[in-house]
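Next up: a single chain in structure tokens, the form predicted on its own.
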Amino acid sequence: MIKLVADSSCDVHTLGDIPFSAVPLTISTDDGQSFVDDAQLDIPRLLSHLREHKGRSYTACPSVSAWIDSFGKADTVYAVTITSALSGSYNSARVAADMHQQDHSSASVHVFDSLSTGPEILLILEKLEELTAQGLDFDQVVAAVEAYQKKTRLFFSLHSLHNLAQNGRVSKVTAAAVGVMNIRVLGTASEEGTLAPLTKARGDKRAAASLLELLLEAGYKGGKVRITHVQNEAVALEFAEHLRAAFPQADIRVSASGGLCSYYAEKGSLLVGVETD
């Protein structure tokens, strides 16, 4: 049996007809509240609690045992994690993969470090679904996905960097300049899997125009686009329409971010995963 697995930064809990599991990360606050990023998570409640909470908050990656449980009895597993530059999820999954193969001598497990998050992980999962449906063998799938990763990118527009700065993901100096005077910070996931701010824009309309420029500069020519948002559906849909106007045949989909991406990206954000040439 073939199974696809990802941590919950992928923002989805089902994936077509192929067996799939999303292994949840956990978001916690120092007042004792914990939010498991699974299909039952009430994201508006999570965001409301974070806005009202004045103390620290933090995240925890899936345990090794949680990854092992997600593999089940599959003899072929492809797993995808949030970037290893920002989380221990990849290392945890790698340990689980080794243990699964020790316990199942005929099993093959490969863990892909996405060097990204959210909609770019979804693109990788969709490519895995496509390749496995074609009947490629394990090594062919791994090689094809690794090549595909070189042709995908993640871009973002954020209203706030508070939670990223609080958890040491970006500098507090950078974070302090965002969230005031209607400023959005736009950036990308770097080749090393870190967050790389590129420019700033005032207001959602200018931010969307700047996002489109960044996509074009990166080599976007009409490939797949996956857009996720945190309580900002109208702007996400408007951005999608701008893309469709320029690339009418493009496969573009919009959805809400899951818990982990909502926590880090915060309210008002857009995350855009694209195929480039």
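In this text, all values refer to a predicted model and were calculated from it rather than measured experimentally. The first residue of the shown sequence is 1; numbering continues from there.
Another form, the form predicted in complex with a small molecule, is not on view; read the next lines as being about it.
Taking non-hydrogen atoms only, T194 approaches the small molecule to within 4.5 angstroms in the predicted complex. With a 4.5 Å cutoff on heavy atoms, S92 does not count as touching the small molecule in the predicted complex; it lies far away. None of the heavy atoms of A22 is located within 4.5 Å of the small molecule in the predicted complex.
Put simply, L122 is far from the small molecule in the predicted complex: not one heavy atom of it is within 4.5 Å. Picking from 136-144, 114-122, 67-75, 201-209 the stretch near the small molecule in the predicted complex, with a 4.5 Å limit on heavy atoms, gives 114-122. Proximity to the small molecule in the predicted complex, defined as a heavy atom within 4.5 Å, holds among L243, C61, A236, L215 only for C61.
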